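Have a look below at one chain only, the form predicted on its own, in structure tokens format.
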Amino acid sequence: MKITLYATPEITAKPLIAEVILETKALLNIDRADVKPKGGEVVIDVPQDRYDEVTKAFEKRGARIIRLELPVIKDDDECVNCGACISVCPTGVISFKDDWSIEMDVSKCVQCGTCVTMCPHGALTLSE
């Protein structure tokens, strides 16, 4: 299960992830991070059975957490199944089905947005 951690300037200098790992003993995998002194966001893969515990540990340290259930949304009316998104996805989320339509395994998505930028029809958007 993936979550997005939003860090404010007040907490970016703190070792939040290390503290949460030590407190919860949960194995966390950082899928993507964009953190600057003014704040940032980190996509973290969390074991499903530890979601509540990990989320509470981050929130008590001042981080805002959002569960990433559907990181990329495809507009089926706009998608022409050209496959441009397939070639740029760094984690293999998008592929062709046997009938050459697009399918997505959103459990692999790290919300990098590369597919959104590449889509010539604007059929993909990132969810918050």
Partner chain sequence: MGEKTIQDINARIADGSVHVVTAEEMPHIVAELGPEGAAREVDIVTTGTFGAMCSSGAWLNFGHSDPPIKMQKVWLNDVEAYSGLAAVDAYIGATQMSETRGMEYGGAHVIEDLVCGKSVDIHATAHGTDCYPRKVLDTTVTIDDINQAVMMNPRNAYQKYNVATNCSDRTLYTYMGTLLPNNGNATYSAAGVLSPIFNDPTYQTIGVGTRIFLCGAQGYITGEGTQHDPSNNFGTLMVQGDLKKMNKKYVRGATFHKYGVSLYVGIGIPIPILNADIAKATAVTDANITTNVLDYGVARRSRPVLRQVTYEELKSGMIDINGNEVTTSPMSSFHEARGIALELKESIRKGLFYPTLPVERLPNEGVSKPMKQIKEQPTVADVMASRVTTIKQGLTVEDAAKVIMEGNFNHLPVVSDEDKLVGIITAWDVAKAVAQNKRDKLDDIMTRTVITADITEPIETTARKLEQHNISALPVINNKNIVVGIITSDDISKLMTRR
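Numbering follows the first chain given and starts at 1. Every value quoted in this text rests on a predicted model; they were computed, and no experiment measured them.
What comes next is about the form predicted together with the partner chain, which is not displayed.
Checking 39, 83, 47, 62 against the partner chain in the predicted bound form, a heavy atom within 4.5 Å turns up for just one residue: 83. Scanning 34, 78, 103, 53 against the partner chain in the predicted bound form with a 4.5 Å heavy atom cut-off leaves one residue, 78.
This chain is displayed without the partner chain, yet in the predicted bound form the stretch 86-94 from 62-70, 22-30, 86-94, 39-47 comes within 4.5 Å of it by heavy atoms.
Contact annotation for residue 119: at least one heavy atom lies within 4.5 Å of the partner chain in the predicted bound form. Taking the partner chain as it sits in the predicted bound form, the stretch 27-57 never comes within 4.5 angstroms of it through any non-hydrogen atom.
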